[in-house]
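Only one chain is shown below, in structure tokens, and it's the form predicted on its own.
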């Protein structure tokens, strides 16, 4: 399959509305999730297809009656999609306890889904370094696994769970390979691929991505000239793809990221253990935590600096949802380390309907400073 064909199929579904999902994949039953701390492998092993529910910039029609205006755009947008019926085709939704706003969101979904949809909150520990964290998380994952057995398309089976872990690890391996070809893809196309990986059935996505990586490897024999300053992106969800268009239009590149909907979602591998639930627990405890979690061995500033330097970044751009307290607190912790190292940085605060011209002005000034 030609690179253009594989890439075209991936981009076509990257941010397609979820109300089109069932028609596109009639042999699959979708289960929505809103956080990368949700164990997709378990959902997949139960015979369902995990699909990440994303925010968008569509006008909000119903949510003001249920959530305050100072709630983050992700919570407001996704709840509005639920209330407007855009998510009716989903079998339900799975949350992870990552912040108080998302916990309230789960309660609101429970109230407004009419009791006919599956809903669960996976309570990942907030302190990942406590001696009891592993035992607690294994018990919580076991509880969730058993609950899925009540609504899954297939009976619970440990071998099936191992196979699902292997499938999702294959995705992570392919994304790691893709990272080496960032300069052969436009900035919007690279992140559209990652978006598609959270929206498509993994069996379909892995086949397309493997074909794309193979074609990129062949094309890499012809070195691609790169120009323009290189940025490292940090933040939670990036639900405004037009920001990536701005980066591209301004002649900048993105050489790495620590985004919840970006590379962080595909970090590392779960691996193969005799007990797949233990393997999943170890994966979540050992991967670099998001700002909603704490591990005494993880220093946010040192981590971002090391990752940015390793990627060859000329500057760091924080893409933070307005009113997202965990990432705002993390931002304050990271800045002194970047300032001490002399690495330039910019913070862009994202809203439901951001001013693109305002973003362009700030980003353009930052890019010009890096030249």
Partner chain sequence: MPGRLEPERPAVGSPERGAQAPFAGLDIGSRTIALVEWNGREITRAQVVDTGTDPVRNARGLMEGRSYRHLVATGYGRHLAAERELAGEVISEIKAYGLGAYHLYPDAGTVLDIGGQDSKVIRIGPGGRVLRFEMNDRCAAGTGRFLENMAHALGLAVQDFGPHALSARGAPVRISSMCTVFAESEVVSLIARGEDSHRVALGLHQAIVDRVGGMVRRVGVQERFVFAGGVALNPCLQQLFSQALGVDLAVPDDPQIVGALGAALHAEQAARVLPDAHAARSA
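Residue numbers count along the first chain shown, from 1. What you are looking at is a predicted structure, and each value in this text was computed from that prediction instead of being measured.
Although it is not shown, the form predicted in complex with the partner chain is what the next lines describe.
Participant: In the predicted bound form, is there a heavy atom of the partner chain that lies within 4.5 Å of any heavy atom of residue 351, even though the partner is absent here?
Facilitator: Yes - in the predicted bound form, heavy atoms of residue 351 and the partner chain come within 4.5 Å of each other.
Participant: Is the gap between residue 360 and the partner chain in the predicted bound form 4.5 Å or less for some heavy atom pair?
Facilitator: Contact check for residue 360: yes, within 4.5 Å of the partner chain in the predicted bound form.
Participant: Within a 4.5 Å heavy atom cut-off, is residue 328 in contact with the partner chain in the predicted bound form?
Facilitator: So residue 328 does not count as contacting the partner chain.
Participant: Taking the shortest heavy atom distance, is residue 333 within 4.5 Å of the partner chain in the predicted bound form?
Facilitator: No.
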